[in-house]
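One chain follows as structure tokens, the form predicted on its own.
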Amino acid sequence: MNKNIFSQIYNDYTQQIEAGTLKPGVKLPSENELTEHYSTSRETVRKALHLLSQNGYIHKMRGKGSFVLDMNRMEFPVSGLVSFKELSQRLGRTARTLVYEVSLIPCPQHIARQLQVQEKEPVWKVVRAREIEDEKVILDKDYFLASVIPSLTQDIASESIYEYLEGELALKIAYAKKEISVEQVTAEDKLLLDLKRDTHVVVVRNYVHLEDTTLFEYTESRHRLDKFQFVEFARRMPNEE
């Protein structure tokens, strides 16, 4: 029961902050007030506030309370593992996915190096453009181990692959290493993205692991420069004497 209330508190406040109902600088109700409002324990309230703080929604000031932070929702999260479907919902903008390819292929040599597998091991190759407000601004090229994901379809790729992996296959996606660089556009970028006069794109390479540490996905996401800023919310931890 407490877990459900914990989620309710967290979701209530993330939704209000993201929707702009709670403006930056607004003070949240006190722990005692939240405890009474949600008919729960103070420990449950503290856990929900701690998660809001860790994810950059609020700032907790000792002796003063919790205050809403400024959240710019055209930002692209660096540290989180967020699907495009989840991101587009947060942005609150018209978005869709265009699927160009879903195929089972022998792993090419350069991808085998990234996935740390033998060349020609079966992998799923998925190529998709992400469209926001009628402009194709992200090109995703994904490679998944077929030994982990036995089946993929175009319908799944057009919705949310992560939703399928976690919901239907019950896979536990745990963490990823990300590499970010600015690179010259390719012929493929020009063909599949609405680049206008851009000569460079931001490239994010993701190496995604399951809970058992299996590296099962390598993704190259190519972003239009003018549409995203890549952010990381950092919190300075107090020194321990």
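Quick note: we count residues from 1 along the sequence shown, nothing fancier. Rigid core here is just the name for the largest C-alpha set that superposes within 1.5 Å across the two forms. Nothing here was measured: the structure is a model prediction, and the numbers come from that model.
The next section is about a form of this same protein that is not shown, the form predicted in complex with the DNA.
| said: Counting any heavy atom within 4.5 Å as contact, can you tell me which stretch out of 174-182, 200-208, 187-195, 22-30 lines the DNA in the predicted bound form? | reply: Selected stretch: 22-30.
### 4.5 angstroms heavy atom contact with the DNA in the predicted bound form for H37
No, H37 stays farther than 4.5 Å from the DNA in the predicted bound form.
Q. Is there a heavy atom of S41 lying 4.5 Å or less from a heavy atom of the DNA in the predicted bound form?
A. Output for S41 is yes: heavy atoms within 4.5 Å of the DNA.
key: Residues within stretch 37-65 having a non-hydrogen atom within 4.5 Å of the DNA in the predicted bound form   = S39, T40, S41, R42, E43, T44, R46, K47, K60, M61, R62, G63, K64, G65, in sequence order.
(message) When the rigid core is used for the superposition, does E31 move between the shown form and the other one (threshold: C-alpha shift of 2 Å or more)?
(response) Shift of 2 Å or more: yes.
Next item on the list: Please check if K177 moves between the shown form and the other one, taking a CA shift of 2 Å or more relative to the superposed core as movement.
Entry: Comparing the forms between the shown form and the other one, which are aligned on their rigid core, K177 does not shift its C-alpha by 2 Å or more.
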